[in-house]
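Below you'll find only one chain, the form predicted on its own, shown as structure tokens.
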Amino acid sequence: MTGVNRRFVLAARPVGMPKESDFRLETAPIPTPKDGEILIRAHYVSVDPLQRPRMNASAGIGRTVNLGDVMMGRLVGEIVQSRNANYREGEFVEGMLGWQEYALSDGDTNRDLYAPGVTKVDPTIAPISTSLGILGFPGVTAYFAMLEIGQPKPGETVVVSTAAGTVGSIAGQIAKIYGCRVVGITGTDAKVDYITEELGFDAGINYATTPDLEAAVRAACPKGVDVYFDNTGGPIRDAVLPSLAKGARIPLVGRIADMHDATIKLVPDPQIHLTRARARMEGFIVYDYVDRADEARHAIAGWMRDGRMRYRETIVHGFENTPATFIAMLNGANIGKALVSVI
């Protein structure tokens, strides 16, 4: 196949919030698959919070992106050339194949810890974009973090931070399906309206306009917080911990609050709250559950079919807008999954 492949590479390691100049748009010939390989034309490219630590010299969890490398990220697209008997041209796949319009894969299905394996996507089940969101790793994250660590029980109170984002919105709806009272914390009044009016959360708190977040959580959760689904760390976590109920469970899923700050800072010691409530705080990495991913996808797809699970996507058109969309997502501009439409 002749033509040009556009791709974004990491040009500089960001200091604080990334800038568009931290990325460089390059062009190269569209690659040609060798025996056993497939060539994929991207339809959608994903922007996700976990891409931010990948840009640091030390990623903390997983591997970092080297300067000059194609920016790590997921895409879903169509197989346009196949030299692998397990894949046909015209099929759709999703994988960690980078911010580029065309990508090669050897067809490996290994998805462990940022591996570039691919998964076939069935466009008859849902739009292929959902393979990067509600039916992709964000959905798998919400499902297992909530059910395996959060263990919600009917009548309990569940609090979810970044509640209007991909993972938070799914996690909150799962808690509702399991009979819980759900309170979402998010950053705008429009997002509060979204989670309460469209997703069925029982209450929402706009942390950006709430002068005393700890008091607001206490008022919204008069019986205490049984499950805190922590997508942020930082000040939001600190405001929720004093309201923990006895036996509370806290899945640690994200830390976007301090993702852009490389300095070491003192934070309130959570031990007093964990000890008082006999609470359990546990870290979550989705790749621990990669072998069970289909379990989550099947359950969520079923809830989507019967109307108990809703989703929204914020889609920006134009591959050239990928870095700006990524930065906007980190600043909370999206509702639901943030995506870039490539074609």
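From a predicted model like this one, the values you see are computed outputs, not experimental measurements. In case it trips you up, residue 1 is the first one in the sequence shown, and so on.
There is another form of this protein, the form predicted in complex with a small molecule, and it is not shown here; the text below is about that form.
**Student:** Does the small molecule come within 4.5 Å of a heavy atom in each of T141, F284 and G336 in the predicted bound form?
**Tutor:** Result yes, every residue of the spot touches the small molecule.
**Student:** Quick one: does L10 come within 4.5 Å of the small molecule in the predicted bound form, counting heavy atoms only?
**Tutor:** The answer is no: L10 has no heavy atom within 4.5 Å of the small molecule.
**Student:** With the partner left out of view, is R83 within 4.5 angstroms of the small molecule in the predicted bound form by any non-hydrogen atom?
**Tutor:** Contact with the small molecule, no.
**Student:** Do R255 and the small molecule share at least one heavy atom pair within 4.5 Å in the predicted bound form?
**Tutor:** Yes, R255 is a contact residue.
**Student:** Does any part of S105 reach within 4.5 Å of the small molecule in the predicted bound form? Heavy atoms only, please.
**Tutor:** Heavy-atom contact with the small molecule at 4.5 Å: absent for S105.
**Student:** Choose from 171 to 179, 184 to 192, 93 to 101, 268 to 276 the stretch whose residues reach within 4.5 Å of the small molecule in the predicted bound form, heavy atoms counted.
**Tutor:** Comparing against the small molecule in the predicted bound form, the contact stretch is 184 to 192.
**Student:** Could you work out which of A248, L135, V167, V76 is the residue within 4.5 angstroms of the small molecule in the predicted bound form, going by heavy atoms?
**Tutor:** It is V167 that has a heavy atom within 4.5 Å of the partner.
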